[in-house]
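The chain below stands alone and is given as structure tokens, in the form predicted alone.
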Amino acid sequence: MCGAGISGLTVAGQLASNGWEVTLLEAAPERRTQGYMIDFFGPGFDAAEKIGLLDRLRKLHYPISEARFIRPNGRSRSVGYGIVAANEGGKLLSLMRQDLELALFELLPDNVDLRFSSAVVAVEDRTDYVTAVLADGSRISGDVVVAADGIHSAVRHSVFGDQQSFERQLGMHTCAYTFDSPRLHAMLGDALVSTDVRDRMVGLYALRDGSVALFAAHRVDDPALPADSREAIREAYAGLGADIDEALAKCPDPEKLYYDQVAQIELPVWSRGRVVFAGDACQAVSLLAGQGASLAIAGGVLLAEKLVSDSEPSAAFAEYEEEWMPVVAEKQLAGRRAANGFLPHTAFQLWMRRAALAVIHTPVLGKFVTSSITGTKALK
């Protein structure tokens, strides 16, 4: 296994629980603690219940009461989170991404050989085994390699070549970090408060440890990552009000924050030989689709089930791709369609989003609006 993120932890845990010998390799020196709030719903919700994860997630859940969108003139529009949860049949939890990973770490069987600071840089596929080559020159061989090493997958590059060939850049960058502000923490309460302007957005919410979390996104002409992410953040979101200015002033050093491109990965096949891809390495839907973590868990459980039930890896991989690829393609399309609602570019797009928020509490139109938010089909 390559990558101890949501998908990698899911697959590793399920394989080990079914008697497989699993070595889980993670490039980072320790468990990641950076991330942002996600709405966890969709196929991953049922998969989490299936593997015994759901009760722990309910304890880690943040009971967000509303999302409040504030315009530059101070006027605001609020959306009750109960509306969105109701559209999912109550199967929706608001979680910090790192808390979801924590729950998966806690569920990991003791027989998983978890190794941090172990970056896989290449794989060598043979007829009856496959070898992972690590950055330090060491090598580990096994029956299969599951590459769950993220949107910038080194294994994908080793197997398929040029990274950019499989990236669909969506013209945005995103970032997240936490900081201390007793004033903002008290003001936010249990609401998620977001700016309501064109081309950029900043959301703030209070965490149970007393800190405040920032999540932001902005449009960019060049998808290349900046040399100084902290300076890029301060430039991108300047002038959005005193509360945002305070948050920007407390932006931490680059190594302590999350900053990345908003992109999707479109891989024509998800396996080659004894190597198979999982999570964002093959199915990144982007934050616009809103179900990346959910798909990572559901897809990871499915892949593990196929490997456990099929003695031939090639057959297991084929069944996994056939069943899961259409699901991911649908969510990716929904994410692209949601781009202008998530981050309006024109005055008309901003007006359309505000109009949608104005009718979200009505019985019929509200169902359509919340369905577009969650990427599910309205009027089931």
Ligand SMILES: Cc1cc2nc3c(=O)[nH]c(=O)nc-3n(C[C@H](O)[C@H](O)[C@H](O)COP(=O)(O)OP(=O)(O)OC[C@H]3O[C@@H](n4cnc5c(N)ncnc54)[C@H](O)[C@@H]3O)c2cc1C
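Residue numbers here begin at 1 and follow the sequence given. Remember, predicted model here, so these are calculated numbers, not experimental data.
Not on display, but discussed next: the form predicted in complex with the ligand.
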query	finding
Residue 118, heavy atom within 4.5 angstroms of the ligand in the predicted bound form	yes
Contact flag, residue 178 vs the ligand in the predicted bound form, heavy atom cut 4.5 Å	no
4.5 angstroms heavy atom contact with the ligand in the predicted bound form for residue 25	yes
Exercise: residue 32 in contact with the ligand in the predicted bound form, heavy atom 4.5 Å	yes
Residue stretch of 146 to 154, 268 to 276, 248 to 256, 82 to 90 approaching the ligand in the predicted bound form, non-hydrogen atom distance within 4.5 Å	146 to 154
Answer option from 195, 158, 174, 98, heavy atom within 4.5 Å of the ligand in the predicted bound form	174
Listed residue that, although the ligand is not shown, lies within 4.5 Å of it in the predicted bound form (heavy atoms), from 338, 57, 37, 316	37
Residues in 211 to 240 close to the ligand in the predicted bound form, defined by a heavy atom within 4.5 Å, in order	215
